[in-house]
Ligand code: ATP
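In structure tokens, one chain follows: the form predicted on its own.
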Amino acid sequence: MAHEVVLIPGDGIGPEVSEAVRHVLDEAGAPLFWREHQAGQAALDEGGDVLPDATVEAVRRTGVALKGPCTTPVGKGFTSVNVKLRKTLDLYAAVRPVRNLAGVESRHSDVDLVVVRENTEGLYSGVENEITPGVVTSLKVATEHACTRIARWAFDYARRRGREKVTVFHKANIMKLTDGLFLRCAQKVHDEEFPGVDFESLIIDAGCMRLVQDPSRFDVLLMENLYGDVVSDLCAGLVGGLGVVPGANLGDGGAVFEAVHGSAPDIAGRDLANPLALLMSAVMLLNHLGETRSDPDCRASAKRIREAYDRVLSAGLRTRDIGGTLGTRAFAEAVIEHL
């Protein structure tokens, strides 16, 4: 049985990488059929809202989406469509697996970790006010409910995936109430529900130092929204950059898999973009469907595609951002040839 999946191409290079990934999945025989919907600048250009109701309802109905990068204006303009989509659909767990890839050079050769980020609260709650001209405030929100459920999700993920340790990054020495609550909830969930999973906590500045010194000492990293956003990109830098890591946003009723890099409008339409990050996210999507809908065909397609792009990279076939010469379409064709 084919699974209906919402495709949100995104902006900038989004349509190019989305089309390349869709081509690979179709050629791999992945049991999917697509419903395309818009969000971000592309939706505004069509005269709609930045996140149209039709797009949200389609994701709610199907339960799963693949999303290309969407533009977020800096310091002005519309709010982040990514943040709005996650909050609207209550996709509270952002998951970023980070591992070394054969053929992609980096300073470290032993990286295999997962960043789990609370996706709905913190400073990204968007509660900002101008108190008086020249003075603004931003409210950091933390609730016991959200802190507990993301901790439970992270520990459960670690146990299901055979991971040995969960490390919480925090700044509870300074933000004793918000980060203190996050840390206490994680400790309680560990002690009461997952005592068999190793647990540690690190102040985030010291944790980042240790990350760049020796990332192999980490397994699953758990943190609140802003920290998770920053640290997940830092971890991507350990293995070659944002073009070689996937991302997922998961909730109890839906899942959106996305490229974690930006929309790169400066190279849009030039066949230069690397589609690998979105392709890796699509593999996560297939594995998610295989797990949640007990579909072995999805798992088999995910395995074939992952083995194919590993072979492509091992053969030295890469896009320009990671030291190669291939364009967007040529990289997709190379993966198809190695299926």
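Since we're looking at a predicted model, the values are computed, not measured. A residue's number is simply how far along the shown sequence it sits, counting from 1.
This protein has a second form, the form predicted together with the named molecule, left out of what is shown; the following refers to that one.
A single residue from the set 93, 113, 101, 242 has any heavy atom within 4.5 angstroms of the named molecule in the model of the complex; that residue is 242. Checking 261, 117, 170, 86 against the named molecule in the model of the complex, a heavy atom within 4.5 Å turns up for just one residue: 261. The chain is drawn here without the named molecule; in the model of the complex, the stretch among 50-58, 64-72, 24-32, 307-315 whose residues come within 4.5 Å of it by any heavy atom is 64-72. In the model of the complex, residue 39 stays away from the named molecule, with no heavy atom inside 4.5 Å. The named molecule is not drawn, but in the model of the complex it has a heavy atom within 4.5 Å of residue 274. Contact check for residue 265: a non-hydrogen atom falls within 4.5 Å of the named molecule in the model of the complex.
Remark: residue 321 counts among the residues lining the named molecule in the model of the complex, judged by a heavy atom distance of 4.5 Å or less.
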